[in-house]
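Heads up, the chain below is alone and in the form predicted on its own; it's given as C-alpha cells.
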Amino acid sequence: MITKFITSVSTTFSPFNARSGKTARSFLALLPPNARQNMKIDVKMLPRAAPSTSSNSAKPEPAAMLLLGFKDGKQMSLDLEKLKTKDVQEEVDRHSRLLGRQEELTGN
C-alpha cells in the first residue's frame, strides 16, 4: 500500500463487530512503523453497545468509518461496514498513484 501521500488517518470502529473491526485493525496494521511521525492518526473504539448507525441525524452515518486525508487536500471517507481490507487498500492506492504521477510530471 502506498502511504507516502497520506497526511491523516481517523477511524471509528467497534472492536466487537467482526467485519468492520477486522477491516479497521487490518488497515492500521498495514501502516508503516514510522506512520505516527509522518501523519496524524486518530483511532476511536466504540463500546460494545454502540448502534450501527446514529439515529439523531437526518442522514445516518455508519458507526465504522475510515477518514483519510491526502497531501493534495482530498478527504476520503470510507464505510468499513461495506468494504473489506483489500477494497480499502485499492482505493488508497488508486489515489496515491494519481498523486505520484502528478508529482513525477511536475518534477518534485
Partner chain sequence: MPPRLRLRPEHLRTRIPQQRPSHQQCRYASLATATTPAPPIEQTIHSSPLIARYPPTQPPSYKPPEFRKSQLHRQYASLLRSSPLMLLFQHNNLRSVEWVGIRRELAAALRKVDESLAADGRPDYFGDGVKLQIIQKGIFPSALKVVEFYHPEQQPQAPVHHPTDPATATSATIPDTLAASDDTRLTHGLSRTAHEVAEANRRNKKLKHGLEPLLSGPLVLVTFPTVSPRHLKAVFEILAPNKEFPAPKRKANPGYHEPAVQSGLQKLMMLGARVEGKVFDMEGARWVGSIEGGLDGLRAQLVAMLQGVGAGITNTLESAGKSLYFTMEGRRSILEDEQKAQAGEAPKEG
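Numbering follows the first chain given and starts at 1. Since we're looking at a predicted model, the values are computed, not measured.
The next section is about a form of this same protein that is not shown, the form predicted in complex with its partner chain.
Its partner chain is not shown here, but in the model of the complex it comes within 4.5 Å of a heavy atom of residue 45.
At a distance threshold of 4.5 angstroms between non-hydrogen atoms, residue 100 is out of contact with its partner chain in the model of the complex. For the chain shown alone, residue 94 is not a contact residue for its partner chain in the model of the complex, no non-hydrogen atom being within 4.5 angstroms. Shown alone here, residue 28 lies within 4.5 Å of its partner chain in the model of the complex, counting heavy atoms only. Contacts of stretch 2-20 with its partner chain in the model of the complex, defined by any heavy atom lying within 4.5 Å, are made by 13, 15, 16, 18, listed in sequence order.
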